[in-house]
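Just the one chain here, the form predicted on its own, laid out as structure tokens.
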Amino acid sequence: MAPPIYSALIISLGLGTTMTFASTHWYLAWMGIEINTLAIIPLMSQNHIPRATEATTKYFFAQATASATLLFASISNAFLTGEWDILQTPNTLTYSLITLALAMKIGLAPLHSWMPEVMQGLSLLTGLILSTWQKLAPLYLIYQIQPTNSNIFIVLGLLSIIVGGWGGFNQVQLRKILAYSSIAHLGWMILILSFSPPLALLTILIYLLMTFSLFSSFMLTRATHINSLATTWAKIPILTISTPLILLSLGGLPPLTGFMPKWLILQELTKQDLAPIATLAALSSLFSLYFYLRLSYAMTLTMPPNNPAGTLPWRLNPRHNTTLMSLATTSTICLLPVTPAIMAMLPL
């Protein structure tokens, strides 16, 4: 892809999300999401392989369905209330339609089936954009229309945590595993959103940090299959240490950063007299932890069937700019001790 076209698409991605963030009008917010969708489609199909074309087509149909539902619900809400204001969604039917449309946009269970298949056909860089930046605008709208009745968020959150854990059990393709990991983490965000929005925001930020670190590690080694992780030691030895720690942080093990949001969410759910839901969410997260441990085992405790011939790749001194990745990885591993400071800054 020509650099000017690539730059224009990246700018359009930023413009669409910014438009949604800045709008209080449903139609403008919908336009921002559509700009986002139209900008990422050429990035998905730039490899010109059948799998990428298939993934792009599936993504387009899923997003078009969600966008049509969102526009229909917004028009219905304007017809009933006489206003296009995002905060004016008192009708239960239109609110439910808007929530389900936005849930399909970001891939929450049970509207998640497009997400793993689309991720499998994309490059790791485009998958990173889909797993992080493309989630922000719909999540902002979900944040804006918080309900008085939180049951729909609880159901979507628990289903996403369970499906995200079960779905990744028998996967060997890293991109599908990352898709199910994204579904599970989005479930934690949605589960706590109606009770503590600042805590949901903290969870989103930490999710973005951990996901960027993991995708960056896989991009450096060009790993797309679980078996290819065994050769990491021959390519970039330091990743054999850092990547398992990132995976365990995603699983929510202490004393890593990923433990912080899960700990605070379970604490808040218990305060809201929702101890059974907190218990179910904690037990369901063990499914996700299983496949994170599986990836860690494949990277650190297995060897390739044949030793690489010739000079090991890490001795060739490849020039990778890893400054941003190093900062993100350090934050992914070491931020748990600053939890009291974060709690003091945010009204948790």
Partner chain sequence: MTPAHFAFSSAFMLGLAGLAFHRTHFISALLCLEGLMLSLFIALSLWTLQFDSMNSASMPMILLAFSACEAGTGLALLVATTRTHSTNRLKNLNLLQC
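Numbering follows the first chain given and starts at 1. No experiment lies behind these values; they were computed from the predicted model shown.
Not pictured, yet referred to below: the form predicted in complex with the partner chain.
Q: Of the options 208, 128, 248, 78, which one has a non-hydrogen atom that comes within 4.5 Å of the partner chain in the predicted bound form?
A: By the 4.5 Å heavy-atom cutoff, the listed residue in contact is 78.
Q: Name the stretch: of 170-178, 216-224, 231-239, 150-158, exactly one has residues whose heavy atoms fall within 4.5 Å of the partner chain in the predicted bound form.
A: Of the options given, it is 170-178.
Q: Considering non-hydrogen atoms and a 4.5 Å limit, does the partner chain approach residue 69 in the predicted bound form?
A: Judged by the heavy-atom cut-off of 4.5 Å, residue 69 is in contact with the partner chain in the predicted bound form.
Q: Answer yes if any heavy atom of residue 290 is within 4.5 Å of a heavy atom of the partner chain in the predicted bound form; otherwise answer no.
A: No, residue 290 stays farther than 4.5 Å from the partner chain in the predicted bound form.
Q: With a cut-off of 4.5 Å between heavy atoms, is residue 284 one of the residues that contacts the partner chain in the predicted bound form?
A: No, residue 284 sits far enough from the partner chain in the predicted bound form that none of its heavy atoms falls within 4.5 Å.
Q: Does any part of residue 212 reach within 4.5 Å of the partner chain in the predicted bound form? Heavy atoms only, please.
A: Residue-level check for residue 212: no, no contact with the partner chain.
Q: Let me know which residues along 2-38 have a heavy atom within 4.5 Å of the partner chain in the predicted bound form, or say none if there are none.
A: Heavy-atom contacts to the partner chain in the predicted bound form: 25, 27, 30, 31, 34, 35, 38.
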